[in-house]
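Just the one chain here, the form predicted alone, laid out as structure tokens.
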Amino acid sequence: MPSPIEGFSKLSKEEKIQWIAEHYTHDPVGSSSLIKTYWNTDAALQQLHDEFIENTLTNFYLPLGVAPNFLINGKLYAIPMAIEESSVVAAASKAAKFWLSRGGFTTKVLGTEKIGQVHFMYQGDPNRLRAFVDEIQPLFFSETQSITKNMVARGGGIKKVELRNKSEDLKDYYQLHCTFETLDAMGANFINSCLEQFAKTMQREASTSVILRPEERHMEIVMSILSNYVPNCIVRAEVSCPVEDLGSVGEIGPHEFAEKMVRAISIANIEPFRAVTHNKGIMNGIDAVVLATGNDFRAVEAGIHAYASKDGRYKSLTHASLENEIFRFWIEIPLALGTVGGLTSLHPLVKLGLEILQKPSAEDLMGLVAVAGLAQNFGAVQSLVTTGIQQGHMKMHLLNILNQMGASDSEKKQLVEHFKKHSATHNAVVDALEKLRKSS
């Protein structure tokens, strides 16, 4: 069993690799070689990647693909997607092509408000606390001017600071609930810096306040931090067309197909076990674009899943209707994204991804990401209610199976052709490869 190590972060990258390989792998020489295989040959580019995080050993690659033919608000896009799962890019591309001739996608940003909170404990009269916070309101703005100056000049900044009494949920617990506009920046550092100054201002002013009694002047700041739940930073993406324009899907006519789609979404709305998998498929599209544009997919995931539960039960993020012979399919989700700052200005492939998207604003990107999620969900549900999910997925997964089995390029080519006409289950692929090898 390896012993703990002191000062690991101070070791050189070579020393870190050597220590990890010797203490935690069965083949130290092979493991060290593998790690270095994924280094970038451009030393400056590798150093840039090394400095993104701590204790860097190497790079972990994800495929970067593109889904073309997205008509969004009358403008044509190709959407970059970074993801390891087969069939995701294909499903998004297929949905984009389907809606290209049916009016495309429309998007609308419904709000861009972001949230941060100062959490603190206070023992005293809530009314006096409220009067105190009201009195020092101007200071929250004036004492953060050095932080907010540039953001305000661009039209953003602090929008509101309000006291919330949460003492019925947790004894003596209160918060400053603060809203912000951060424009094209995701704004995490900006928001957190403002919140920490709010906390300092409140504690200092409380210590000498004439509104508060002496025993009420001590406030314990628990933490000051932004929230990744942004229920007022919302975007909607939608597709719609006359039912007849849907056309037949396989052997299913347009009316039956529309009814099946609406029914499938209704099931995801009332059955959490289905809703989780349903929404996971949506996040396949969303996360892939969020990653490709250098945004925080963990924050996006957390906020969106919280939003899916906002009514007290976990539900579908997408909606469908069939009224007056019009089929509508839409999504409404919270998205806090940025197109400036962070990795957007550092990672070369992120900069390329944003260039492919025609250098969108943060609001533009909200719409593009929502469209990717909606398209992914349309493709998945379309498969589920018609041919089933496995037929298309397994054909896209075919090369992964063949690579696992060490198939040659010639074998891959022959078997890809074979499974254009046959069901590509794992066992079927194994059997077909074995037969091919025996015959040759």
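Bear in mind the structure is a predicted one, so any value in this text is a computation, not a measurement. All residue numbers are counted from 1 along the displayed sequence.
Unshown form predicted in complex with a small molecule; subsequent notes refer to it.
Put simply, residue 280 is close to the small molecule in the predicted bound form: some heavy atom of it is within 4.5 Å. Residue 57 falls outside the set of residues with a heavy atom inside 4.5 Å of the small molecule in the predicted bound form.
In the predicted bound form, at least one heavy atom of residue 284 sits within 4.5 Å of a heavy atom of the small molecule. Heavy atoms of residue 274 reach within 4.5 Å of the small molecule in the predicted bound form, making it an interface residue. Relative to the small molecule in the predicted bound form, residues 85, 380 and 384 are all within 4.5 Å by at least one heavy atom.
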